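The data below hold one chain only, encoded as structure tokens and taken in the form predicted on its own.
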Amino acid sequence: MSVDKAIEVLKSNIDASAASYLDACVHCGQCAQACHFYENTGDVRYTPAYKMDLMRRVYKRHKAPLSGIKRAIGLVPDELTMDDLKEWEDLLYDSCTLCGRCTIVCPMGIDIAGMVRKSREGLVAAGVVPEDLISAAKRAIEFGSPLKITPDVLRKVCAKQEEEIGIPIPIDQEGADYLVILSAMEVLQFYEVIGAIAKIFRQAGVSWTISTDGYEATNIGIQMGDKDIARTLVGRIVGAAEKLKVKYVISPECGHAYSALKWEGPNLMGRAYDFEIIHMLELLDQLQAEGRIKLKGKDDRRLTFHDPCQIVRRGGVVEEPRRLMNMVSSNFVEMDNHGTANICCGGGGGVSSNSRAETLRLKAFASKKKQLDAVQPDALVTACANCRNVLEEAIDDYEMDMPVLGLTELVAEYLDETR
């Protein structure tokens, strides 16, 4: 482990925009009120602006205007130590989901979540990362998935779905229009979504496939802040898509996978893709608008929708899930602060993979519970497998009686099979 490496990475990450953010913060505290970790603990260390202090110290010591002169006369912060890095490891990995809710309320327009990501890169350089994330990254590199989902496991799951629904699931089909990728949680825990996709695409006449070379959407490198791992994992999907000559890659019901592939992927790869990225919700909304899928009947339960942060707030897919919800629900109700202001499930940004953070994560869920209690839904719908898993665990821990449903599966359930 090397403190010097961490400092060098943090210095290199302080570009013009980062410097402007560090100078612009007026410590008003608005971000604290937007953070579910602070709200449910009252601990000032969980204030989002405070989580930028690791980078702020490096900035003031090395890169701020007149820092050289100030350093010579002792008017800058002390150099970072390994103890500092270990202290910030807990803050940056355990108490931040990179949800970006703090960013949208900041009166100075500071991308606090983005600064946390930059700070995590410094910790990666020093090897100061939660062990669970390191292990998940090793499995992703070695097996192709953080949960050890190998191509053989994928084939078996797909074969089981074929048997249950009686519809072929194309694998490694060259020349298909769409490549479907899946998150590890979808394959192992919510595998019915594969059958749901097959049903919808059969009715819509969509040409699609799954690749055994690049099927895993989860990008643990993005969560950790490790660009090399992130690039390797994105590269597998890009390579698979280009090998099969697809026109589109469909990002699944997984929040950070969408941002990793669509927004960060081209920069990681250093080039534009030969295909387009589309989220599953965007495609379903498009197919419905084109009249290619028809639904029959609606769910009459009181349903509400949890907005996955990386898809909705940071990804811009806001209206599509609402149009889909109104297609399948006769009693769809919105939570307060829905859409771009929605409260995080509490497990994004690698927090759900970090067992050390479980107690804090469950405590932070009280904000989401309050939001749900206000509308009293019979069931909660979402469009992210990680959110779904985290929500189910927290709902069980709080002894709430509320099933959590996947939106794609709900659409498939109400397909008009007579069409």
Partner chain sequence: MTFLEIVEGPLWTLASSVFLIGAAWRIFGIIRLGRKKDISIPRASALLGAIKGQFLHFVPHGGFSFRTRYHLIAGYMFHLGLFGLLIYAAPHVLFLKENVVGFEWVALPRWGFILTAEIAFTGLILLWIRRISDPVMIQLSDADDHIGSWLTFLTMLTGCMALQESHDSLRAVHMLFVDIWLIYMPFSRLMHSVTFMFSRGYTGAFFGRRGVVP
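Positions refer to the first chain, counted from 1. Model, not experiment: these values are computed from the prediction.
If you look for the form predicted in complex with its partner chain, you will not find it shown, but the lines that follow are about it.
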Heavy atom of residue 357 within 4.5 Å of its partner chain in the predicted complex: no
Look up in the predicted complex whether residue 396 has a non-hydrogen atom within 4.5 angstroms of its partner chain, and give yes or no. no
Against its partner chain in the predicted complex, would residue 340 count as a contact residue? Criterion: heavy atoms within 4.5 Å. yes
Using 4.5 Å between non-hydrogen atoms, is residue 282 touching its partner chain in the predicted complex? yes
The stretch from 346-354, 44-52, 385-393, 372-380 that lies within 4.5 Å of its partner chain in the predicted complex, judged by heavy atoms, is 44-52
Residue (of 244, 110, 76, 125) lying close to its partner chain in the predicted complex, criterion heavy atoms within 4.5 Å: 110
Ok, 305, 215, 93, 258: which has a heavy atom sitting within 4.5 Å of its partner chain in the predicted complex? 258
Is every one of 165, 168 and 189 in contact with its partner chain in the predicted complex, taking contact as a heavy atom within 4.5 Å? no
Contacts with its partner chain in the predicted complex - residues in 5-44 whose heavy atoms fall within 4.5 Å: 14, 15, 16, 17, 19, 20, 21, 23, 24, 25, 26, 27, 28, 29, 30, 32, 33, 38, 44
